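The form predicted alone is given below as one chain in structure tokens.
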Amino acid sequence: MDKHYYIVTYGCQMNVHESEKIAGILRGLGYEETKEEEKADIIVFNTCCIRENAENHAYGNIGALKKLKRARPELLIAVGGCMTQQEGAADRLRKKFPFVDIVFGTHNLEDLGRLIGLKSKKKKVVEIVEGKNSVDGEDNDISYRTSYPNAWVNIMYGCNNFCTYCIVPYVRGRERSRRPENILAEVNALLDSGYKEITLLGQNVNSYGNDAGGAFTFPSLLRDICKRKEKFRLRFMTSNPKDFGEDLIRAVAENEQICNLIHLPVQAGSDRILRLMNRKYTAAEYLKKVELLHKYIPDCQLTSDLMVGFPTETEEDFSETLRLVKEAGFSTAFTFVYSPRSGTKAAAMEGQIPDEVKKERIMRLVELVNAQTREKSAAYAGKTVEILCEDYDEKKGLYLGRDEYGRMGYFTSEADRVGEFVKLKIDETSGVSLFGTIVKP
């Protein structure tokens, strides 16, 4: 009889890619994917704890399985990811949800197969590994990839920055860089098998190689990957502005495979708040890097992460964030309300901002960001752009894919275009979406 798995993923692109690794492990054990929870023999939650919302969402969905587990006691429920790696989280999970069978952390994902084997001998399996000093076990590509023609590739794990609001260094550990030859082998294998867009992942890709004494660097890795001259796109995230330097900008400018869209999270526009956040740059220094970027790459576009309601944030601090957003001219940005994370310095700070103030500020920020996004999208009207077709939307009856700058383009085609680069003449724009007609070559 066939066995089926169902994976629920929360959080960042790294979690999305790690869910592909979980899928690879489960397929190796003879499981096949199902899109229906009720038909699964194992349900795996790959959790996130970067914000309270993600954690509450995960708890709610795990709790909702109690009835299904009672009806089908043989169903395996496993919970892993960042949420479980927090101090005391495994015990809390065990008490709150006694029907969960397996709990694992961010450092022993590759052991999931062994933990499933242990479950047959034990009532419950809880195994959380406290940190790693190397990439052992994380360097094998066990992924079952589901995002063709795009592929995610980890270049490093962990973070050394200790921004005062962020739980990541505590749940992901210190920075550990993969060897460049292993990354190149993985990227080359993906390109050889027809993938057209590679996104390099790390909590701070600019720190790549720092733990190897500078034997290799991020700009040198980009240049090595771009020695492949066939047509493909290369993206990367995330970059910390404090380490975003001229050599990296030059590497992007020199290699046409690297998309001229940079994700550079600023978080805030107030120097006082940036200092409290431990971001290690000022608003002026950030804008100088933006200026340098445009000097080398005039048509470069920028996206960012922006947070409101950090402890002690005043109306003047918030106004400085709005000022920076206008000056930097972000093509779009991910906006968040500050969420206290237990164990971080900011959670213990005095001057926590009331929820109603946070809500009012986030609405104003979103309004500004959306206005800038619409303005940049409107400039596409009548232009011809190249998109990489990613999928077909059956409801809309349209193919879709992104341009170099991350704008989603929709179009009709009689032939299957998934995995192809397509030229579109843009007839209409809406928010971040473009609607166009194929330009015949």
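Please read all numbers here as calculations on a predicted model, not as lab measurements. In case it trips you up, residue 1 is the first one in the sequence shown, and so on.
Quick note: we don't show the form predicted in complex with S-adenosyl-L-homocysteine, though the next part is all about it.
- For Tyr165, a non-hydrogen atom is located within 4.5 Å of S-adenosyl-L-homocysteine in the predicted bound form, even though that partner is not displayed.
- Among residues of the shown chain, Ile50 is one whose heavy atoms approach S-adenosyl-L-homocysteine to within 4.5 Å in the predicted bound form.
- Among residues of the shown chain, Phe336 is one whose heavy atoms approach S-adenosyl-L-homocysteine to within 4.5 Å in the predicted bound form.
- Contact between Gln203 and S-adenosyl-L-homocysteine in the predicted bound form is found at the 4.5 Å heavy atom cutoff.
- Residues within 4.5 angstroms of S-adenosyl-L-homocysteine in the predicted bound form, judged by any non-hydrogen atom, belong to 302 to 310 and to none of the other stretches in 302 to 310, 218 to 226, 110 to 118, 147 to 155.
- Note on the partner interface in the predicted bound form: the residue among Arg176, Arg279, Arg233, Arg361 having a heavy atom within 4.5 angstroms of S-adenosyl-L-homocysteine is Arg279.
- Note on contacts: among Asn370, Asn260, Gln352, Asn240, the single residue with a heavy atom within 4.5 Å of S-adenosyl-L-homocysteine in the predicted bound form is Asn240.
- Contact residues in stretch 260 to 275 (any heavy atom within 4.5 Å of S-adenosyl-L-homocysteine, taken in the predicted bound form) are Pro265, Gln267.
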